[in-house]
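This document starts with one chain, in the form predicted alone, laid out as structure tokens.
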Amino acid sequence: MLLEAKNVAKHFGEFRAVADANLTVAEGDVIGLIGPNGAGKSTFFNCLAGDTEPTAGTILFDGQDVTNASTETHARLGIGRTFQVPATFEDMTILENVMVGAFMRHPGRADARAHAEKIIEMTGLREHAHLRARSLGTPGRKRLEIARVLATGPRLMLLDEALAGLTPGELQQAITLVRRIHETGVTLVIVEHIMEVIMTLTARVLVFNQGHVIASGKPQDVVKDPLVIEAYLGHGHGKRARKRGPAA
């Protein structure tokens, strides 16, 4: 198993943001984490990424305990992540931004540049390579952050709403890019509110609500689960769904 999270919990004082969450990720998986705002999915995601230390539980990556490991250790082991709000080096070019990631595996400048150029080509940023990062709009910034993470050579990419805020056309281009990344052998865990992304890209979904995993399975099955419907739409909708049955 590439990633295993066992009984992961995160408390902020008396507030339990995540309670006993479990996740297994095999090499080559594409898994989605969904749930209403404040459900705990982002906190759990941050625990997987190494940005937040769990209060309890264990996280293993390729058999190695990374529960309390630094973000640098995560990156060196092959775990890369994006953020909801892309962070770029504004006064550096797109190529230089991607080279920052490439230096992780390619310490020589020439090698890092060559690797970054390949990533830029793959992610559709070639024509912007020598522009400053500050010149990019939201779609370009999201693509740049994906490119910089990809340049680190991850085995597992954690995408945090990397496709949010895009127009329908931009969204389809981004979905194509994520598929292309997966085809290179990168395993993916995706936090996303856009159900089209989840239904199109993922093979398995975990649904969070009030810190708990309330459903897990194929996306087409999970969206019919009365507990999931009630979590998203409120009290009463789940009851009606139960009366109609799972095919409703």
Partner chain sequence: MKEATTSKIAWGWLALAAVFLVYPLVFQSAFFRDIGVLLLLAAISASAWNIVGGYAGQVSVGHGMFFGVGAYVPLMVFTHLGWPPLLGVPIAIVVVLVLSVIVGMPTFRLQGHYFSMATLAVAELIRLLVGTWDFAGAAIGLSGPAIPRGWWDLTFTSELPYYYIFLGVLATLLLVTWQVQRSRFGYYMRAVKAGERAAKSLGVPVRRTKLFALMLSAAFTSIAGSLYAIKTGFVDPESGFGILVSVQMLIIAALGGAGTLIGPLIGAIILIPLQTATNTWFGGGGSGLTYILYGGIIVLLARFEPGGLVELWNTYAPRRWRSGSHAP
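Remember, predicted model here, so these are calculated numbers, not experimental data. Positions refer to the first chain, counted from 1.
Not on display, but discussed next: the form predicted together with its partner chain.
- By the criterion of a heavy atom within 4.5 Å, Ala114 is excluded from the residues contacting its partner chain in the model of the complex.
- Mapping the unseen interface onto this chain, Lys118 falls outside it, with no heavy atom inside 4.5 Å of its partner chain in the model of the complex.
- The shortest heavy atom separation between Asp51 and its partner chain in the model of the complex is within 4.5 Å.
- Of the heavy atoms in Pro107, some are within 4.5 Å of its partner chain in the model of the complex.
- Listed stretches are 66-74, 194-202, 32-40, 214-222; the contact stretch with its partner chain in the model of the complex is 66-74, by a heavy atom cutoff of 4.5 Å.
- For the three marked residues, Met122, Leu159 and Thr187, no heavy atom of any sits within 4.5 Å of its partner chain in the model of the complex.
- Along 144-161, residues Arg148, Val149, Thr152 each place a heavy atom within 4.5 Å of its partner chain in the model of the complex.
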